[in-house]
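One chain comes next, on its own, written out as structure tokens in the form predicted alone.
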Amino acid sequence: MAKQEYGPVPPEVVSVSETLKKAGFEAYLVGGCVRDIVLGLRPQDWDFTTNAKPEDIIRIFPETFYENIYGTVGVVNKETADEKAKVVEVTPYRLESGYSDNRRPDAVVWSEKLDDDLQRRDFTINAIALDLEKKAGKQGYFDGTVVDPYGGIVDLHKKILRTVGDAHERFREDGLRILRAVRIGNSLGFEIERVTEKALAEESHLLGNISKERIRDEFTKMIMSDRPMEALKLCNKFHLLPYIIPELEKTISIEQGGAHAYDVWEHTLRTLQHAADQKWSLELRLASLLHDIGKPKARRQGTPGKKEWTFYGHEVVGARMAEKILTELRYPKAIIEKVTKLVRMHMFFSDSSVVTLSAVRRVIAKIGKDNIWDLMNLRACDRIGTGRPKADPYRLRKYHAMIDEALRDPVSVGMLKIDGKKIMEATGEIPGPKVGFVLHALLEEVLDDPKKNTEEYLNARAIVLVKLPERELRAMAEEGKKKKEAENEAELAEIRKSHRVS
């Protein structure tokens, strides 16, 4: 194939290629990074294949790690600021044979031929090798020659995903490739080729042999993509949900009525898609996916003879189910705890006219200050998922104003760099109302001049104030209380004004 310009490729990656070649070995970029370069995307990782053996790779690079049966050596670049290039994986050409567990080869043998390595790969678009050669005119771009024995370049241009060789064999070698086909095809917007699609559906049972950790990692990539809704629809089409989250199947065709235009399944997918559209976190996407997972169990008939349903307590049922689902998928404890809280609390903000400030404070106490805005974002996703075009502007602003109000530190004597105990230590005063009067008198001074809020100044001032007649001190304290209330009201008015609510 004729040489073409490819790139950009980070200098740390180029250095790996040059080092291997200077040592007398071949070096080809391979797999997803080549696919992404051809498509004009930024690769998420960098992989080389070579005729060097693991011991050769370890010998010629200053810092590496090697802890697998496939010969893959991680070449470490500590100095680079490019996170994607900190570790470049280098793997010998290899042949694999026997896949008795549908997960990993029974035998791995190093090879001297690039073609042997490419023939064992999953999809044609991942079986393209790229030899970087001399530098082209544009910085970071290189003249390169591709080796493409299975027509991957053509499939990239036609936007088709197909396996290398026999599809049934490829899926039987590693059942996880079934999920990878859905995930990669969907994320790129490619159509799965007909023969590959048929084999995928027929071999879906192989996912039962795959560890939950590997399924979790592929599923996480799926929902962190830009199109998780379509990905999960494909999973349902090919009967893959029972191997990921079987509880999701039970949400299909569960009618809701009321404000909902869709059944629970469609509503759930649209809720998740909105979280993806907003580029929100994994935890928020998982919560969006699982927020109504308890509805099938909680659903009860409303008015007899009508298609009316109630789902009382579905958030409680759903939180328990979410915890179980995420635990079975081996998600980290911190993710499980946060998602479970969000699912459990997602029904709180249902009607701003009856939600009180004290209730908002209790919710914040339960879910935590760090999670409260994620809860609000989940509510926004939930509303979008009903089929309404956007969240109610006034109601949403009202919620935000109430949370801002609940989160603020109110003006109080607690702001002072002194407390009653320190006043008594400095003045010798015994416990009693006079100590409180001193605190409020000091607060008035600090509100007038915040620079006075130092322990040194307040100690000295307290010694002076405590000597005043109690009547005079009480009057000063009352002025302090009035000023505190005025400051509080001014702050609250500013919060409400910023959210355009009353």
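When you see a residue number, it is the position in the sequence shown, counting from 1. Keep in mind it's a predicted model, so treat the numbers as computed, not measured.
From this point on, the text means the form predicted in complex with ligand ATP, which you will not see here.
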item: One stretch from 58 to 66, 29 to 37, 435 to 443, 457 to 465 that, in the model of the complex, holds residues within 4.5 Å of ligand ATP by heavy atom; value: 29 to 37
item: Every residue of D47, D174 and K221 near ligand ATP in the model of the complex, heavy atom within 4.5 Å; value: yes
item: Sole residue of K250, R214, R397, K324 within 4.5 Å of ligand ATP in the model of the complex, by heavy atom; value: R214
item: R361, K422, H239, R180 - the one with a heavy atom within 4.5 Å of ligand ATP in the model of the complex; value: R180
item: is_contact(N126, ligand ATP) in the model of the complex, heavy atom dist at most 4.5 Å; value: yes
item: Contact test in the model of the complex: H168 vs ligand ATP, heavy atoms, 4.5 Å; value: no
item: Heavy atom of M345 within 4.5 Å of ligand ATP in the model of the complex; value: no
item: R120, heavy atom within 4.5 angstroms of ligand ATP in the model of the complex; value: yes
